[in-house]
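Each of the two blocks below gives one form of the same protein chain as structure tokens; they are labelled structure 1 and structure 2.
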Structure 1
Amino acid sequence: MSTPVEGSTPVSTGAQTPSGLKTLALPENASTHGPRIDALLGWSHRIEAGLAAIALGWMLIAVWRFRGAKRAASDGGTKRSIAFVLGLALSTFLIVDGTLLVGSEGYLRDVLWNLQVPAEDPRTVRIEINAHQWSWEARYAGEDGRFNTPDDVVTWNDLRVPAGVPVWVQLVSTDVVHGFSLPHFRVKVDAIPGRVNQTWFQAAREGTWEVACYQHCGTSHYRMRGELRALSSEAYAAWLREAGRQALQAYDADDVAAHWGWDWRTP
């Protein structure tokens, strides 16, 4: 059950300039943790640009310096030259990949894999998601706090969360592998049949953004899009209360297909 939200903003689908023109930059960040991902990507691009400049410069210098030299037969190099090249390659690998590995590992440890944060925060909103070809079905526990009970709120392609609090997502798929993605929150996790995956995020502000599928999942993959609306705490509580009331009225015990929820799984 879902009801429209008055005053909701249009869905943001990509990076845009103030004039409305799309750019090649990342989508605007709407997550409290997004700046860490953006910083990691920025470092990656700067290091790659530096290496490309060094390689290109060395090639140009070599072409100019030895443009008139006679062709020499390759002797495989001396032990000293081989050791120098191997040392240079290994140093480059450790500096570049090591820097990115440490940055990625820190983000994963502190944010994405750190499920203790939403588990210990009493404000956390829990959502179960069932991916279909080609839609996202979401389930919220009602006032009883348990999933797969008559007061559950179920929405299609419509996720609503309060801004400023952790949102803990567990998801599965009924058919094929889908890629649940919130590009404006720098979140992506696969929805796999027979397996419950989980992630969490936190909206930095109120607004409406895209829910996308990042895995080609069939002929109508392009249609698998939804909306995530971050509301104020008061607006979210009012919506959930009214949607739960409507869900109780519409509950059908014989509708087996609607009873796909599971007991919440803790890490």
Structure 2
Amino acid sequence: MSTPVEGSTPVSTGAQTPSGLKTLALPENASTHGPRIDALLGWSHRIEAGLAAIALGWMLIAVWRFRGAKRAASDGGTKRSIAFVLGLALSTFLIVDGTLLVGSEGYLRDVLWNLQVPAEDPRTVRIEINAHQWSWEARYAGEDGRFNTPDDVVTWNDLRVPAGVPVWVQLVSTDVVHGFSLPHFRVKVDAIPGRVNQTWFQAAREGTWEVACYQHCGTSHYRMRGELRALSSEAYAAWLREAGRQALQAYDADDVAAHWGWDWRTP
């Protein structure tokens, strides 16, 4: 079941930036779609910060200027001031929520929910993941391209993908709800017993990053950590070939626990 591990590359920590700045930054991006989602997040946070500053400033000015004022207005708002509130609320809403909605919708249509992209790309790598308390078990179809056959490559907490091609993940859980996440790829989806969920991503470059579980899944939840290696296409192909050969040798038809794969679900 286990596969040989080559000289392991150190996990990226995004060590390029000084530590103070890093604290307030998103995890370093490693996916081709990351910049798009990061830009949307950045925009949304800039707008939020601006709004917060304006509202807080307004409040402080009002308190400072009218503190203990001799006379207070006696009305609960005029038609004009109420129209002002409604107009301001509506325009803020349209700008702020509108930006988020349009940006989010574009990303969903083009990437997150567009499984046509990996489906149509002949280079796409398919991975089936089975989440356990407390590890990630991954299954590759092997040379024959079909899941649940003797040449399936199975790894534990060790995902390998070629850089620059779509990676299509389908996942379940054997026990409790887990959360599969690749923070550096902006990928997150629940692994739930009894249903197959899916997502896809594409590594922008070679390197090693971490797989994290973000749903509380029991005592050792915090140790449910895996590694994802983005390799060159050649290195990936070589690894899969060798691992598949070893899997065939080690294949045990009676090992019931090893047969958890499913026929790949089409969208």
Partner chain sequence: MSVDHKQVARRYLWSGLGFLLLGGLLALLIRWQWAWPGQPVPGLAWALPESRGALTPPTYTSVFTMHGLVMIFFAVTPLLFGALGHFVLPLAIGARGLAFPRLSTLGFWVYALGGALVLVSFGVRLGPANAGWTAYPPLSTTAFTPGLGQTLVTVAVLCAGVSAFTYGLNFVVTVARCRAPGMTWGRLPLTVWGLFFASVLNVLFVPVLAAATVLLLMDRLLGTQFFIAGAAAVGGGGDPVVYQHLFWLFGHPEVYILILPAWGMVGDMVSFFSRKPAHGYRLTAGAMGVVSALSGLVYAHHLFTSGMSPMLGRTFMVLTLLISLPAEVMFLNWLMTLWRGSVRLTSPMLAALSTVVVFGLGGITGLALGAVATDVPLHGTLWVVGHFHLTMGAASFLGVFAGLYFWFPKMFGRQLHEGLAKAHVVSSAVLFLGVFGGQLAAGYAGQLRRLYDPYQYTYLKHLLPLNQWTTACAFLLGAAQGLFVVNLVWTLWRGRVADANPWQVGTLEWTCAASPPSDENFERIPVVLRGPHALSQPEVLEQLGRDWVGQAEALPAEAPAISGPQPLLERTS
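The model shown is predicted, which means the values in this text are computed figures rather than measured ones. Whichever C-alpha set is largest while still superposing within 1.5 Å between the two forms counts as the rigid core. For residue numbers, the reference is structure 1: its sequence is counted from 1.
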Output row: form predicted in complex with its partner chain located in structure 2
K70 C-alpha relocation of at least 2 Å between structure 1 and structure 2, rigid core basis: yes
